[in-house]
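Presented below, as structure tokens, is a lone chain in the form predicted alone.
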Amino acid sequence: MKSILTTILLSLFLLAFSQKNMTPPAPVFPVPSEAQLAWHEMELNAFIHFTTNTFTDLEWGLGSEKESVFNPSGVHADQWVSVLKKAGFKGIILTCKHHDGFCLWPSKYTEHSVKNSPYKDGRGDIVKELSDECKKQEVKFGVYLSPWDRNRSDYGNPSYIEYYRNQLKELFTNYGSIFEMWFDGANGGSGYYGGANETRNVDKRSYYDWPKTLDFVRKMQPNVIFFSDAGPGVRWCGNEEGHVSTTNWNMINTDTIYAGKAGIETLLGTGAEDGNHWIPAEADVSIRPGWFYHEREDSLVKTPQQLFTIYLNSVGRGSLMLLNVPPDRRGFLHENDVKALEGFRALLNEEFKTDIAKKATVKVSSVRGNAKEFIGANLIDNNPDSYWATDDKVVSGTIELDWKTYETVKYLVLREYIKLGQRVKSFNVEVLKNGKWEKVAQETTIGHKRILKFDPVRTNKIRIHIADSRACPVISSVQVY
């Protein structure tokens, strides 16, 4: 009898010890950096396109525009930041120089800048005005500096790269902390080029010597995120409509991808399950048909519902939504744009007002080592650093939410604990309807956040079945609205 009791006590002790010391899942590489994790959490960022194009009614300036063309009646950066912050945007990226080469700061390396414009009699500095306002209102500030310059006579020559880096040094040493540097694949073509009026093409892969250029910037601000078609911080989503693929891996192989390479749009939208670098997608889109303000588009501003749909197809698929809102010739965000942003925020607040998952009972198919650190209740504890996990060899599992009363369900929001890598390859969702389980979603990836919208249904049970995963699933939260 004593030996049996001793065996039972020893077993209980060993079980308690193993539970207390259960190791967390090993990371599945690649994993995001701290800067990338912070970027994921931002979810909503804004773009500001503002230059001579605002006054010439062009989208791409030719580079021949006179500095006197740039003549806003004012630049109301305080309004820009205030409106965008109230709408929920966490960062603002300014087009400090577009393809036309006109600089919104008084660069000492060119005369084609705001210093030779009528704005503030040549004493204006819009980069400073916006960066100061962002700091004041606690919104992050980012910069876009076009690699292509249709004004520079030496574009296409080695000396232009020195010019480009000199301007990066001005921006990254004179305007405080910059969270993101944005550049795109529009490089080379027809232009003014100091009066040459010709077409110049460059080798987009090698001309800028991007590794050296980006390392140059990192030495000034180590935590900056770099956006381009292929990153290396975040990647383009493959379109300018504000959506990523329903399958959206945060990983991608960079060996054969570079800014401006043709034919990679689909890959950029989906990412790659076997990707060797963590480079998540950023979904850029404009609130208007164009990227710069045009009076003829005042009636064509996207509606709050259109913006909400873009949100679901970008943030709701694990991406970040980068919305361009261009100032008008008065230097204000136009009233129609402001109204749309206010309506968008109201929609977000209404649709995601009450998380009913918090009052559900959570049941899971298994728990990693039967340890408390990984139980199903972690899914609804509002702690971003806790999660539900299974044992290492278990790459599928089920989460069930039960309510005491029937609830109307419209949205399901899932998050993976991406600090340990992106894992889930496929999953489905069922609701109990009229006593029978009914499938309402069949999906692939989750990532930072996955929002599923379905027709409103009255139910008291939801079941999420993870069918396959790259390693044991590690789910941070489940929310239901």
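Please read these numbers as outputs of a predicted model, since none were measured by experiment. Residue positions are given as counts along the sequence shown, with the first one as 1.
A second form of this protein, the form predicted in complex with ligand FUL, is not displayed here; the remarks below concern that form.
Checking 407, 100, 180, 284 against ligand FUL in the model of the complex, a heavy atom within 4.5 Å turns up for just one residue: 284.
Residue-level contacts in the model of the complex: of 144, 109, 411, 160, one residue has a heavy atom within 4.5 Å of ligand FUL, and it is 144. Segments offered: 262 to 270, 284 to 292, 244 to 252, 335 to 343. Contacting ligand FUL in the model of the complex at heavy atom distances within 4.5 Å is 284 to 292. In the model of the complex, ligand FUL sits beyond 4.5 Å of every heavy atom of residue 217. Proximity of residue 47 to ligand FUL in the model of the complex: non-hydrogen atoms within 4.5 Å are present. Though the partner is left out of this view, residue 186 does reach within 4.5 Å of ligand FUL in the model of the complex, counting heavy atoms only. Contact check for residue 240: a non-hydrogen atom falls within 4.5 Å of ligand FUL in the model of the complex.
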